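Next up: just one chain, as structure tokens, the form predicted on its own.
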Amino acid sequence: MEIKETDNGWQEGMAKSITFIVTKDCQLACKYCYLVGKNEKERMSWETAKAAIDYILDREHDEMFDTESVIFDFIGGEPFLEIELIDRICDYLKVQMFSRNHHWFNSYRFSFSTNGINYDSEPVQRFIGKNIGHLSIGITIDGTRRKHDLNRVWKHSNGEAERGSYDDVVRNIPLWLNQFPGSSTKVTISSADIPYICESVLHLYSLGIHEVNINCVFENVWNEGDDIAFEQQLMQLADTIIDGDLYRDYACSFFSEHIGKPLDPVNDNQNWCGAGRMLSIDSAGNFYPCTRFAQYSLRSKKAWMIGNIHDGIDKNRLRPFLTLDRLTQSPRECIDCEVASGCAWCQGENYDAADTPTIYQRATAICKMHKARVRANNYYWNKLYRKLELEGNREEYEKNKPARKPETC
């Protein structure tokens, strides 16, 4: 029996990720957004983008850029607010990689996570048509109207009523799925929307989205009892997926067989996050080990820059990130945890939440939510495999049962 699994993504772990922060503006003011410093003023110029590209492509054989493949990621704010700049950047990248005979020309992707509001606009559609073979685009829709509009609201001025963005996004889902069949969406869970998890995942399935990537926010927003409510929602979702045979055609990243086990300190000591192996560039031409270390991502710490387009990358500022692993930043409780596998962390949140300006103090606000997920996972997989075993036994019986004797009068 086939069980649909989540897609690991293009060239996962093999590609260099280079992020252009093209704007810090967005049409929305999502309540759980970690970008606390969004604004309308900081926009990347073409001159800054070109200088960053030239710096990177000039160093093809540098150890930082000698990966087989590359993902050029564009974020904001909302990246498609700067589609004309992005189009120019991508055209320049393609021409330069080709003319230089750069090895990335044979293996590159342009990647976007968008709120989907202006996805159907003429400039965005023209860009997609030009680059369709090298694009990864995810539209963020949180689920039902009730869940989506709880957090993903339009930016508004004082006195204006709060307005959700569900209708503005959902109208573009059919176009997106037609252009990128099999695409997944990304759903974020915070304390307030836990009661709507089950119905929201099922709603996204009903829209034609067969893979739902979903995660809890890393920030310390969780209240007493949230883990219990979370577990109950996941068990309810598990029942619906298994009883309705949805697992054959639909996947949800909350259910994974690879989580909830102890980790070997020797063989399972990798850093969860790619900070340091990635590179982010902001509108001023500053370099960061990850977007989460730019100032607009930080609540209480100063930005951690590792260089800029004029002076290059400072290897001394970068070096601490290259030595990160699980043991160097985790408390004893996490190292000895019986369900440690699959417990994620964000390096930027570790830094922002730390007692001092260090990247070696792991934030643990998500601990109880991970444990609740593990309990729900145990329920899901035990129930699913019991069902598959029973179905297999029935099929085997039907195949091998004795021939029925003809009835006699």
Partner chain sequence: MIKYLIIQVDDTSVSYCHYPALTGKPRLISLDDLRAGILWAMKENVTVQFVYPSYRLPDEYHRVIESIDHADIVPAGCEDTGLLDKADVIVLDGMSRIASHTFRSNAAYVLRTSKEDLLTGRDAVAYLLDRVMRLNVVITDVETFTDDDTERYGKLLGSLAEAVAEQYAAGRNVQFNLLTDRLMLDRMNNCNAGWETIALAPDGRFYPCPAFYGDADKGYNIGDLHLGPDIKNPQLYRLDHAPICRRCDAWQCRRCTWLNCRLTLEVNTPGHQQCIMTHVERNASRRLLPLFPGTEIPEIGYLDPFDIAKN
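Residue numbers count along the first chain shown, from 1. Here the structure is a predicted model, which is why all the values come from computation and not from measurement.
The same protein has a further form, the form predicted in complex with its partner chain, not shown here; the description that follows concerns it.
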Using a 4.5 Å heavy atom cut-off, state whether residue 316 contacts its partner chain in the predicted complex. yes
Answer for residue 360 alone: is it within 4.5 Å of its partner chain in the predicted complex, judged on heavy atom distances? yes
May I ask you to state whether residue 325 is within 4.5 Å of its partner chain in the predicted complex, using heavy atom distances? yes
Determine whether any heavy atom of residue 276 comes within 4.5 Å of a heavy atom of its partner chain in the predicted complex, and answer yes or no. no
Which of 53-61, 380-388, 352-360, 33-41 lines the interface with its partner chain in the predicted complex (heavy atom within 4.5 Å): 352-360
Let me know the one among 112, 304, 230, 119 whose heavy atoms come within 4.5 Å of its partner chain in the predicted complex, would you? 304
Check each of 250, 321, 222, 166 and return the one that places a heavy atom within 4.5 angstroms of its partner chain in the predicted complex. 321
